[in-house]
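One chain follows as structure tokens, the form predicted alone.
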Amino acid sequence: MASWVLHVDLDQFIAAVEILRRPELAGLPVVVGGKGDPTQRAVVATASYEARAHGVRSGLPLRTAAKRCPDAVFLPADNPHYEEVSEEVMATLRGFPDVVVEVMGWDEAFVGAQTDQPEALARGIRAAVLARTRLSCSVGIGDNMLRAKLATEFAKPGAGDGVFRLTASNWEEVMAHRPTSALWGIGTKTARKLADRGIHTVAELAAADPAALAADLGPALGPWYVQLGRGIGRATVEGTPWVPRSRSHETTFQENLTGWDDVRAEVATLARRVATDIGDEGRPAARVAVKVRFAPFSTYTRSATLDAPTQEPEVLVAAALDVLEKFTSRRPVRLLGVRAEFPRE
């Protein structure tokens, strides 16, 4: 039997969970985020497909979402409930015989399997998840994790019928003409850097000289981008339990903070909340990051590695305040966040 990687991605997960609790919202544009009040400062956590049709997407300010889709139903985020539902989904995946499940987050996981009928397994997974949780999912099939992940996009509602296979045999046909930003791991900024070097499509990236990109973009990243263009990725699904790589807290202020002493006080408060979280988990932090969103909506993040991993609240507070000083601007602040990152294992 052949080895396959399946990528299971829940469709519009958070919005779908909320619609299950409120069936009367089915077919309506639903936006989840913050306290569910579009007059307050917060961002979209997720949106239903009906809301996405109006240009509403994750990370968009709720006020902007309301302008783009005035008829949308706005709901507050309920993270504990989403975690609970996610666990049901992952338990369903683990219930399939002779598979390995690697959880990537609330709404997605990779499944490694030995089978001669990967499409049958994929459709079985979709049916089992739907029966147990009433949630739909799309499944990408690949000969490695990269291709399985990308395959899911072609299986999604509006693009496919729920299952799609992407392997070395059809990689060029499906991906060659697409922009480099279509690849998992290449965002807008990286795509722009590649375009500046005359690389616009996946085919052009695949044909690029790894040594040239290494000299230009870094010894690790340059060749890695070329591998992405060629569809090369990890083929083994690791069945270790998913463990968050960081813990964070952030606050959006309804009125901008204009005094830097107030900013420092809020960062210290957030750092202590993060310290409480990692202390409860018994996992020391190795790195601290601070996010600042200046008015009207410019977001920047700075970080620093600690001298030694720690759970000590005051050490984390001091580190967060030191990182904050890397921001030289003193413009009004609308959002602050502090993140503690755990050591790589």
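For clarity, a rigid core is taken as the largest C-alpha set superposing within 1.5 Å between two forms. Keep in mind the model is a prediction, meaning the values are calculated, not measured. Residue numbers run from 1 along the displayed sequence.
Just so you know, the form predicted in complex with the DNA exists too; it's not on screen, but the next bit is about it.
- Stretch 104-112 is the contacting one of 201-209, 261-269, 122-130, 104-112, since its residues have non-hydrogen atoms within 4.5 Å of the DNA in the predicted complex.
- Looking at His54, you'd find every heavy atom of it more than 4.5 angstroms from the DNA in the predicted complex.
- The closest heavy atom approach of Ala42 to the DNA in the predicted complex falls within 4.5 Å.
- Though the partner is left out of this view, Thr310 does not reach within 4.5 Å of the DNA in the predicted complex, counting heavy atoms only.
- By the criterion of a heavy atom within 4.5 Å, Arg245 is counted among the residues contacting the DNA in the predicted complex.
- Every residue of the trio Trp184, His249 and Arg293 has some heavy atom no more than 4.5 Å from the DNA in the predicted complex.
- Of the residues Val99, Leu221, Ala176, Val73, just one reaches the DNA in the predicted complex with a heavy atom at 4.5 Å or closer; this is Leu221.
- Contacts of stretch 158-172 with the DNA in the predicted complex, defined by any heavy atom lying within 4.5 Å, are made by none of its residues.
- Once both forms are fitted on their rigid core, the CA atom of Phe294 lies 2 Å or more apart between the shown form and the other one.
- In a rigid-core overlay of the protein, Val101 has its C-alpha displaced by under 2 Å between the shown form and the other one.
- Positional change of Leu25 between the shown form and the other one stays under 2 Å at the C-alpha, relative to the superposed core.
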